[in-house]
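The chain below stands alone, shown as structure tokens; this is the form predicted alone.
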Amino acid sequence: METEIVSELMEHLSDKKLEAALKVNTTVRAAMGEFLRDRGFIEIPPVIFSTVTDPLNHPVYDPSFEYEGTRYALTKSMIFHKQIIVQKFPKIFTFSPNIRLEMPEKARTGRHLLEFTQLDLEVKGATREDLIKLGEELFIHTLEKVSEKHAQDLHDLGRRLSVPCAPFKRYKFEEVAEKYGSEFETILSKEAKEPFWIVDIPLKEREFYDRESDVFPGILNDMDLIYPEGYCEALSGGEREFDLDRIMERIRRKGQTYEQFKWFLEFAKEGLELSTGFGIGIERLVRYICGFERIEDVHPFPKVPGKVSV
């Protein structure tokens, strides 16, 4: 078994598609970092494990361990750390390694890895509208840089990459869910020629830390950016709950316990201000840019759900 895995890996590492993807990956990270630094963002180091991490809104295996009598978890996302540090540093970003031990069936999507990198950012005092505008500008800037630098690589891959114009089209979650059913994201993504937003996401579809609208109860001030051509989710984010009472009520409504999030709640008791942020999966972005069917083609050591990996 080990011999077969190593042989498969060596073949993968010799693939010209991977070489092109890694070159694009390098430019993507540089372009994103440049864009954010030019706008006054501070880059912070990633958090690899912590006493508190994203609970997520779907089941995954628990990546936790005990050290010196304290329970830690590998980072699923830095959502809580972002909300804490942005209180002191108003514009932050990080390239965060995330571990999400997905169920094996997720391998069918072609867009899930157990280990991936997320560009995660947060802005104090910003609203969803502010971050939608920022997200569009960041996305366009990155595609322009890749198109300029990797025209030959994209040509060799047979990829014709178009740079969209802002503002992107928006759809309300409940309206498209009613029209297309539960697979609306995939259906709309396959039909679309340019990226678009899904906004006003129902409370039950997201975690407790996303902010409920003051005007429309049960609706979150969230947004997801969706790739065209069937590549589905690109970016996910929204405004954050910052009132302690509302945070605790949301935890109760999700059927979770205060003990799960005691470390974050201690910071929340000190006082939080409104912030908004989002995360972009780097591997998914590179996959979209290169036009690959499978996300593992962009990573030298891909961890695919349900598969033994080096």
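So that there is no doubt, residue numbering starts at 1 and follows the sequence shown. Note that the coordinates shown come from a computational prediction; the quantities given were computed from them, not determined experimentally.
Heads up, the form predicted together with a small molecule isn't pictured, but that's what we're talking about next.
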With the small molecule left out here, work out from 163-171, 234-242, 67-75, 126-134 which stretch has heavy atoms within 4.5 Å of it in the predicted bound form. 234-242
Among Gln83, Gln118, Thr142, Ser189, which has any heavy atom within 4.5 Å of the small molecule in the predicted bound form? Gln118
In the predicted bound form, the residue from Glu34, Glu249, Asp54, Glu43 that sits within 4.5 Å of the small molecule by heavy atoms: Asp54
Against the small molecule in the predicted bound form, would Trp197 count as a contact residue? Criterion: heavy atoms within 4.5 Å. no
Quick one: does Arg100 come within 4.5 Å of the small molecule in the predicted bound form, counting heavy atoms only? yes
Closest heavy atom of Tyr209 to the small molecule in the predicted bound form, within 4.5 Å or not? yes
